[in-house]
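Next up is one chain by itself, shown in structure tokens, the form predicted on its own.
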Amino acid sequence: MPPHKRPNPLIDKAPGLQQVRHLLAVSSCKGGVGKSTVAVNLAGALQQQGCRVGLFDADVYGPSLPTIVRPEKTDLFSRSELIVPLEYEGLKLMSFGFVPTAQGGSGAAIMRGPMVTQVINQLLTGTDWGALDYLVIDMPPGTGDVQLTLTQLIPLTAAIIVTTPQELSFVDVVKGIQMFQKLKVPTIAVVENMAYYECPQCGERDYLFGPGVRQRLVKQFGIQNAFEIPLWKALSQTGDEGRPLIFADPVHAISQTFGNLAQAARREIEELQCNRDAPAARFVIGRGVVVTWPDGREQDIDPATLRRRCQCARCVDEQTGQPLLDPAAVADDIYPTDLHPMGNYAVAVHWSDGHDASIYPYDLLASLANDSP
């Protein structure tokens, strides 16, 4: 069963989500990378492309939505036992930062993990989102218990990971992809924020933190949708003023990048929904891993060969690219215990030796495969 169609008992208890078609997570493995800025502008770009969109700020410890987006009306009230979301130019909004506290104000919470998860669930599932094409969820930063529990409880369609281009950030991206992979949520795009500075006089770009990791993501995970967002005063300034760039200046070059990100997300999710042009992989005794391509061809891959080509952080050094796995340590009779698609770009494999972090892009499968007899 595709990830976006897997049954989820929570939905039966969440009338606020009944008419939401897709839940799209925007995630980062650490704070301060501009995740909330990307989430807000992505939601605005989706709306400008004719979609019905909501935006949920799931960060209880440090909610950013009330700062980045400032709706005229901020009073919350309920209707038919559901919270009515706030709105900003037609975009539906909800954040713990909008909820009045016992002290009469609103803002960040001080509470333990289980309480945080409970609050997030109440706000997310108890809000009357109505009919939406996309509910963009600005996830809390990190890959801890709160993020794992939230991802397990709600039927996410897909995820977008936000990072910065430093070498160290590549490790964080891998952690995020692997977290979603274990929960069978496909990562459909990566955004490198603060990727470069462009001189306003000459237009020359200075990649202050290095060239980024886009090519490595394509090679290791097959993720084709990688976007660069530059250091630009207007992006942070409009967010600080409560009017995101996508609304303040829709024709700005960075707004166009967010538009391209929104188009890529819509395309990937549509293909997930239709399961179109997706290869299928299965294990067959006597043949190994059998890949069936969209044109009907079948190709076989030796499981031991495939296991030895794993590119995860335990098998390949993330910074040097040098192999860490000793090929001789892989038994010739190894076999996959589970295979499932990772979006439209790769297959995730759990192995009989207990290794569960293997992700193989379809291009790599094609290079390893032999035509079946």
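Residue numbers here begin at 1 and follow the sequence given. Quick caveat: nothing in here was measured; it's all calculated off a predicted structure.
Another form, the form predicted in complex with adenosine-5'-diphosphate, is not on view; read the next lines as being about it.
| field | Listed residue (M194, V99, V213, L150) with a non-hydrogen atom within 4.5 angstroms of adenosine-5'-diphosphate in the predicted complex | value | In short, M194.
| query | Looking at P66, P341, P336, G34, which has any heavy atom no more than 4.5 Å from adenosine-5'-diphosphate in the predicted complex? | reply | Checked against the cut-off, the match is G34.
| field | Which of 217-225, 259-267, 234-242, 281-289 sits within 4.5 Å of adenosine-5'-diphosphate in the predicted complex, heavy atom basis | value | Answer to the contact question: 234-242.
| field | Contact label in the predicted complex: I229 to adenosine-5'-diphosphate, heavy atom within 4.5 Å | value | Judged by the heavy-atom cut-off of 4.5 Å, I229 is in contact with adenosine-5'-diphosphate in the predicted complex.
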